[in-house]
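Taking the form predicted alone, here's one chain by itself in structure tokens.
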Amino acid sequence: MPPLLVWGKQGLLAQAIRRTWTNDGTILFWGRHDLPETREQQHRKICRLAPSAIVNASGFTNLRRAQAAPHLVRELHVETPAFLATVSRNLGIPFVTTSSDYVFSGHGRIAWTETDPTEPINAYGRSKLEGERAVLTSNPNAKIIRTAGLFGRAQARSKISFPERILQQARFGRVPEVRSDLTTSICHVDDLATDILKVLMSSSKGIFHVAHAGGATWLQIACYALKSAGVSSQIKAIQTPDFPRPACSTLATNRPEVLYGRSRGKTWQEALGEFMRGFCDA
């Protein structure tokens, strides 16, 4: 059976795919050190592998660095997805990559659908939107998953997600400072991985939104995370912008391929509560 190629090894999504997808040796994870230097060499290596599908699980997650130095994110958000889309088109195999709620402006909406107009207001969102367009130009049959507020258990020495960071600060006796003026969706990365596989196996193409039902401010998310973990701590609400972010980037999931998937079937409270209670049981 031809292998399935996951581009990325160490990130939160790649870790989730390892946990949630059945792997009998037919899923390969390639990172930077597994690849030759040039795109032409990489193209030849992938063609020799002859994978059954390609999933791009790589990405740049430091929003502040992205805003200060937009060129840093271009390779991961635009050039790499477009390259993989081209390879998958040439091989005639499915290709899935991820995008972000930050492609929207955040103005005047309760929840954004897959067909709503995009208007990113920061460098991170602009790179994601440019990547979406480059992917669909390179391969019109590609599948793009927009998601938001990813959280999940990270490996040691990996960047931890927002709920873990809030819990860590509270346990160290610090008072977390959290934005109360930004509304978003969130998604457990294991549920995202499950829904990505569902979309990958479908015959559909284009853009999909994957997130848990409902929207909340980051302050509400932080408070619920600590409550679910059984930790009592004050949280300081702030509204001081560090750089431009969408005021409301809640995602509506309207595509039938994911409407009844694991992520959509849970509210954000159910998914976050289950995750945080895991810290109490560990």
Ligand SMILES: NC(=O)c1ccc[n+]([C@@H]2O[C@H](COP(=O)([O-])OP(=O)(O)OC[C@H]3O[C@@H](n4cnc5c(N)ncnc54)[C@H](OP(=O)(O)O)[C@@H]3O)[C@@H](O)[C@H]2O)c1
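The first residue of the shown sequence is 1; numbering continues from there. Keep in mind that this is a model prediction, so the values were computed, not measured.
Keep in mind that the form predicted together with the named molecule is not shown, yet the notes after this line are about it.
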In the predicted bound form, the one of Pro36, Gly31, Gly214, Pro244 near the named molecule [non-hydrogen atom within 4.5 angstroms]: Gly31
task: Counting only non-hydrogen atoms, choose the one of 174 to 182, 199 to 207, 143 to 151, 109 to 117 that falls within 4.5 Å of the named molecule in the predicted bound form.
output: 143 to 151
- prompt: Are any of the heavy atoms in Ala66 no more than 4.5 Å from a heavy atom of the named molecule in the predicted bound form?
  reply: no
message: Is Ser58 part of the interface with the named molecule in the predicted bound form - any heavy atom within 4.5 Å?
response: yes
- prompt: With the partner left out of view, is Lys9 within 4.5 angstroms of the named molecule in the predicted bound form by any non-hydrogen atom?
  reply: yes
query: So in the predicted bound form, does any heavy atom of Asn139 sit within 4.5 Å of the named molecule?
result: no
query: What are the residues of 236 to 251, in order along the chain, with a heavy atom within 4.5 Å of the named molecule in the predicted bound form?
result: none
